[in-house]
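Okay, so here's just one chain, in structure tokens, the form predicted on its own.
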Amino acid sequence: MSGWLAIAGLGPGDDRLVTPEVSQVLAQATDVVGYIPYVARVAPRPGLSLHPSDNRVELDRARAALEMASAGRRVVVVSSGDPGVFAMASAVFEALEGREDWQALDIRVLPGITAMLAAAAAAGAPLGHDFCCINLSDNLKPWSVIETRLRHAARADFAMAFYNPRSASRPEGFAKALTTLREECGPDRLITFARAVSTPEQRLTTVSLGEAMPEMADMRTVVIVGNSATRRVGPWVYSPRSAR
């Protein structure tokens, strides 16, 4: 049987949010490749080999998966959320460049529910109008690029969702992001911290930018900043669909 490669999103954490399509392809796989905690979410079974690896070897992981698929294996590369959102789909396609043999493989990208969308649903509808998504990690881009994007998004009055806001090794970045947002949006804009969304450890906090503290976020937190019209209604936060 010919090998294939599926790049699959496991959703934000709750197994009920894994799509039936992804569950089906995992049941057919001979090999699962991914970052250590994501591979740990896949149940072992006879005939399935698990290949966990560190988070900073995305291209090596992609190449290893493609090698296995070219050898006739049925390989699933797993990411949390959606594999096309700051995840492994991009790395796999980058690894394909210059390799016509790999480009001939059966490769599929299977979407998943992102942490951003799960967080927005838990909060209400803060992304109900135009929004953007920014990765605050400066591992793969300089802080100057992040700051420029923050300022332009704020000036365009987008709601904003932030991934990887505050790492233990570089905690100062999120403090700089909050300062930038206060400069552009003022202190009254609503900001939601959604930690470990969809898991038993889920914690949801909404405050104003003036009240927000860097310590309210970590790498398991998705942060959503509303636009100028975002407001509370009862326990929820929403952005009206009408343009300002």
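Everything numeric in this text was worked out from a predicted model, so none of it was measured. So that there is no doubt, residue numbering starts at 1 and follows the sequence shown.
Absent from the display: the form predicted together with a small molecule. The rest refers to it.
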Please identify the residue among W102, F174, F158, F86 with any heavy atom within 4.5 Å of the small molecule in the predicted complex. F86
One stretch from 177 to 185, 192 to 200, 206 to 214, 25 to 33 that, in the predicted complex, holds residues within 4.5 Å of the small molecule by heavy atom: 192 to 200
Residue contact check: P165 to the small molecule in the predicted complex, 4.5 Å heavy atom: yes
Answer with yes or no whether V225 is in contact with the small molecule in the predicted complex, where contact means some heavy atom within 4.5 Å. no
Is P126 near the small molecule? Define near as a heavy atom within 4.5 Å, in the predicted complex. no
How about T230 - does it come within 4.5 Å of the small molecule in the predicted complex, if we only consider non-hydrogen atoms? no
